[in-house]
Structures are given as C-alpha cells and as structure tokens.
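Single chain ahead, by itself, as structure tokens, in the form predicted on its own.
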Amino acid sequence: MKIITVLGARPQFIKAALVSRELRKNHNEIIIHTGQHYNHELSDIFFDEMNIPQPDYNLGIGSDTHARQTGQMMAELEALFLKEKPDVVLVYGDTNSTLAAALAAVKLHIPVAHVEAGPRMNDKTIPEEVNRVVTDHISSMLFAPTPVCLDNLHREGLTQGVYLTGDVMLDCFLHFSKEAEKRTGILDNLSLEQGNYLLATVHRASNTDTEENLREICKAFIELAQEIELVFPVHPRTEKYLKQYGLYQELKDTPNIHLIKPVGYLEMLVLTKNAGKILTDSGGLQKEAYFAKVPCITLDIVSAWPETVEDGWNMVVGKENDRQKIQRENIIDAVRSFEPNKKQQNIFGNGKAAEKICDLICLLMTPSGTID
C-alpha cells in the first residue's frame, strides 16, 4: 500500500516519528513536508534526532496569511497526489498543513486518515479549532487519542471509521525518554537543578498577538524569577512580538530567566521531566507535562486537553469574561499554590498507539484503496 504522510509543523514531526517507523515495515510511505515550520530549531533537528525519514518532497511554503498559506499548500499537494496516486493520505493534528492535505485529498477521492482526531476547545476563533473540526468531518479514518476525543466525535455524528487508539505522543515520550537523558546535557549547560525551575512556552496567537496578554505573562515571569529560575524557549513568532512590544530585552536582562532558542525534542523532554512546574499555552506540552507527572499551568482560557484538568494535573488561569484574559496575579498564584493531589488515570493509552494506528489502516483498506 502507498501512503502519503503530510507534515508541516514541530508537533507533527514528533507524532509521525514512531508511526512512520511502523508503517515502513510493510508499506511504501512518502513524506511531504509543506515547509510550514522551516528553520532548523523547528524542523530539521526533529528529523535528525528522532531518526524520521527525510521528506521525499519539501514544498518550502513558509509563513503567510491563513488563506494564502492553506491555498498554496492545497494547490501543490494536489499536484503531488495526482502524480503519486496514494492509497491513503495520512495527516496529524490541527495545523494549516493538516487542513490543506485533507481538503486536497478528499477532493480527489483519496481516503484521509487523521491521527489525533477529536480534541475540542469549542472556540472557532482559534484557527487550529477550525482546522481540526473540518479535517475530522472530511476524513475517512479518525484515530482518537482519548475517550473524551472519541465522545466529541460521536457527539458531532461521526461514528463511522472512528477508533480509540491512544496517543502517539505518549509512545514517543516513553520511547525517547531514556535516550534523551543520555544524549543531552541541557540541565548542566543551563546550571539547572531537578525540580528547581519553571519551564515556560508561549506561542498561541491569542497570547502573542494581544499585547495586554503577553505583557501580563511577561510581568508574571519577571516576578516569579525573583523566587525560582525560569527557562523560556522562545518561538520565532513570539520573539517577534516580544521585541515589537519592548518586552524581549526586559526578559533577557532579568536574573534567573533563561531566554533560549527553541530546543529539539530530546532536550525539551529533559527540560519537561525535570521541571518543578510548567507554564504553557501549548496543547502538546500540556500532555507531555501530564506524561512526566509535572504540574501544568495553562496560559489560556481553556485547555486543549480538558482530561488533564479534570484529572487534577493541569490548571487553566485565563478568565473568559475578562477583556484582558490572562492576568499576572492569576499566573503567580497558580505557580505558588497549585499542587496535584491525586494519582493519574490512564487517559492517553498504553504507549502502543502507533502500532494500533498502522494495524487499523492496513485492516480498513482493501487493495482497491477503498475502506472495508
């Protein structure tokens, strides 16, 4: 069977690592990189350190408006789908690359398999929410990582081709954890002690593009740095806005704040596992904090993974009714007081999601390329 995997952004490279390895045991996989994330820190390093096969095609489509970026991706992907004639197009997550590939494939009557189907934030002002909802409704195979995701799909009337598989990010976390500790010395390089620092990431448009929110987050970081070290890998887009709002230098000049470039998956694993607490607006990092049993504080009005909130390991600090949705004092109070007080449930599966997904794709597809 010929399978085209479309990737474009950092989280998708991580999710694809073990699935691609499993697929290639019995099938012909072609990887197309859209170029949505294109610099070394957000792209190349993941292929290198996770031993992901190099893309067969790189479209080189970088940053642009949502419409232009998605449209250009669709046009170029359509041409490659016509050329390669895949049996299945495999997509991950909720980026513009995900949506573009799913739309281009379904218009050509090629079955679409969606890994990480069903998460919902119930807010269509979030671009990723629109991407994931549309992708789910046009895909032929939907692989839900958690029971909550499965319920979301069923509630929207999606019952055919829907399967609970567990989360491939848990597979990766378990697989690469020991290797990460051996291959990176990032704690020593930053002079960090286990459990004695905060790890923070900020990249969502609701925070970076809203000056009031980003200012409140930075004020909280600066105040917290008087009590504990804080590591802040800065996404290129976030760096642009920090500089635009005059915040970058202030953070850089604050003792105890480590303002660093984005790091690879292995270094981020080590930083995550050894942090005292994590502050983030990233859905992926919220899950990884949960895997690592590290308390997480979500810098948003809702979590992409409410399961982690309900289980008591993630606290959302944004307030939906406030014009200024993120406030300094709420972040600081959460860091000082939030402590999970119960054992985790088995929400994300058993670490064998990649194997289950590959088995399902094989079982569901007949030689003619239609779903059984």
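These numbers come from a predicted model, not from an experiment. Numbering starts at 1 and follows the sequence shown.
Keep in mind that the form predicted in complex with a small molecule is not shown, yet the notes after this line are about it.
K.L.:
Exactly one stretch in 176-184, 213-221, 200-208, 147-155 has heavy atoms within 4.5 Å of the small molecule in the predicted complex; which is it?
P.N.:
After filtering at 4.5 Å, what remains is 200-208.
K.L.:
For the three residues 121, 166 and 306, which mark the spot I'm curious about, does each lie within 4.5 Å of the small molecule in the predicted complex through at least one heavy atom?
P.N.:
No, the whole trio is out of contact, none within 4.5 Å by any heavy atom.
K.L.:
Consider residue 300 of the chain shown here, and say whether it contacts the small molecule in the predicted complex, taking contact as heavy atoms within 4.5 Å.
P.N.:
No, residue 300 sits far enough from the small molecule in the predicted complex that none of its heavy atoms falls within 4.5 Å.
K.L.:
Closest heavy atom of residue 274 to the small molecule in the predicted complex, within 4.5 Å or not?
P.N.:
Residue 274: no, not in contact with the small molecule in the predicted complex.
K.L.:
In the predicted complex, does residue 111 come within 4.5 Å of the small molecule, counting heavy atoms only?
P.N.:
Flag for residue 111 set to no.
K.L.:
I'd like to know whether residue 86 contacts the small molecule in the predicted complex, with contact meaning heavy atoms within 4.5 angstroms.
P.N.:
No - in the predicted complex, heavy atoms of residue 86 and the small molecule never come within 4.5 Å of each other.
K.L.:
Counting non-hydrogen atoms within 4.5 angstroms of the small molecule in the predicted complex, say which of 292, 268, 74, 251 makes the cut.
P.N.:
Checking each option against the small molecule in the predicted complex, the one that comes within 4.5 Å is 268.
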